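As a starting point, one isolated chain is supplied in structure tokens, in the form predicted alone.
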């Protein structure tokens, strides 16, 4: 744990040590289930008696992934999850659950299943696919409910016991309390921000890595402390594009005088959304949350995909940074449409095509960011 006992420092420590609480739970005899996406319903996993944790492997060499997976096809995070699973680092997990909402994760599921079929990796945890689709139709809604019921049955089989309605209700209440704490942190970034993006991302991201009750307590304490701080100057930016589970791009933008006030991705501002309803059919309520409110790269039609972004731009920002790294081949298709929307409003934008996970961005990127932020400042 960090030398400082402040709530923000503790959350940042867990953000940088993503498997710490999962390993602690494992040592205490609590089975751990790894998730690869925000669109896997962690409430059902928690209700089954497991500790859910988002898989966030460190950047490292990927010899096993290099052997099995094509080059220049898979995102770095997907390759690193494969490497961790095949290399034995995740053998302590009871299972890994992936979601169908990302083509990359679906292919990861197929590759892991093939490794298991070949029997080339004994001890690798079993992998399960949650078949959630994000095209908006009555058919996909009905299909998604059936897949959520199937996931519940699979978790019951793994746990060796039925999941009681009471357990689901308790898991929903626990997660909703954590969501409320995240929203408190997010409010510190609205209007005139009191929290930089570099500070905010670890406070938000720890939500995926900790026990929800402990997270809610620490995030609320951190919000209390930051509320007493003063406003931060600088051009207010939204970052949109590939999900960022690190602060390097934010730190670069803010080193040039900007303040990142929101991210249109599930590691940032859109991490939790609204609460899950506590009324009616609990499994359906959980499904509806992940189907209707969780961001995914495969939302259709386009107006549904753009709704959050457009509404937040209209709330008042000074610019938008599109983060579309070289490995992206999904989100870039939406870029021309979204850029036209910004141009109609007179809001400037910048596209970053480099991999921000590298040690640092190139001199060219720094120069373009500096010009972008200075131009915004000149017009404010």
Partner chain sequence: MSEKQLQSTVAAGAYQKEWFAQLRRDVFESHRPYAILQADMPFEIFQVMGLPAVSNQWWSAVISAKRLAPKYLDAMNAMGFHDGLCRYCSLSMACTLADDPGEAPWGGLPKPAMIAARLTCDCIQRVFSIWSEALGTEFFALDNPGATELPPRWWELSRHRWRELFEQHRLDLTVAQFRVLIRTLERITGRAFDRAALRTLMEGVNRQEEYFEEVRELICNAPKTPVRMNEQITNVMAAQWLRGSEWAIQHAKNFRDEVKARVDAGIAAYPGERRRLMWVGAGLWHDTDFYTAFEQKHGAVFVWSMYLAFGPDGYIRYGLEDPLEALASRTVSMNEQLHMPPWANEWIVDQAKRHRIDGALVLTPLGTRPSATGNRFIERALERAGIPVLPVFADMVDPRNWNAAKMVERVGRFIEERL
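The model shown is predicted, which means the values in this text are computed figures rather than measured ones. Numbering follows the first chain given and starts at 1.
The same protein has a further form, the form predicted together with its partner chain, not shown here; the description that follows concerns it.
*Asks:* Looking at 266-274, 211-219, 299-307, 171-179, which one sits within 4.5 Å of its partner chain in the predicted bound form if you count heavy atoms only?
*Replies:* Of the stretches listed, the one contacting the partner is 299-307.
*Asks:* Please tell me which of 244, 90, 185, 129 lies within 4.5 Å of its partner chain in the predicted bound form, judged by heavy atoms.
*Replies:* When its partner chain is considered in the predicted bound form, the option within 4.5 Å is 129.
*Asks:* Sort through 196, 148, 84, 102 and report the residue having a heavy atom within 4.5 Å of its partner chain in the predicted bound form.
*Replies:* Flagged contact: 102.
*Asks:* Do residue 332 and its partner chain come within 4.5 Å of each other in the predicted bound form, heavy atoms counted?
*Replies:* It does: once its partner chain is placed as it appears in the predicted bound form, residue 332 has a heavy atom within 4.5 Å of it.
*Asks:* Should residue 227 be counted as a contact of its partner chain in the predicted bound form, where contact means heavy atoms within 4.5 Å?
*Replies:* It does not: once its partner chain is placed as it appears in the predicted bound form, residue 227 has no heavy atom within 4.5 Å of it.
*Asks:* Could you confirm whether residue 95 comes within 4.5 Å of its partner chain in the predicted bound form, counting heavy atoms only?
*Replies:* No.
*Asks:* Give a yes/no on whether residue 282 approaches its partner chain to within 4.5 Å in the predicted bound form, heavy atoms considered.
*Replies:* It does not: once its partner chain is placed as it appears in the predicted bound form, residue 282 has no heavy atom within 4.5 Å of it.
*Asks:* Which residues within 135-152 place at least one heavy atom within 4.5 Å of its partner chain in the predicted bound form?
*Replies:* Counting only heavy atoms within 4.5 Å of its partner chain in the predicted bound form, the contacting residues of 135-152 are 135, 139, 140, 143, 147.
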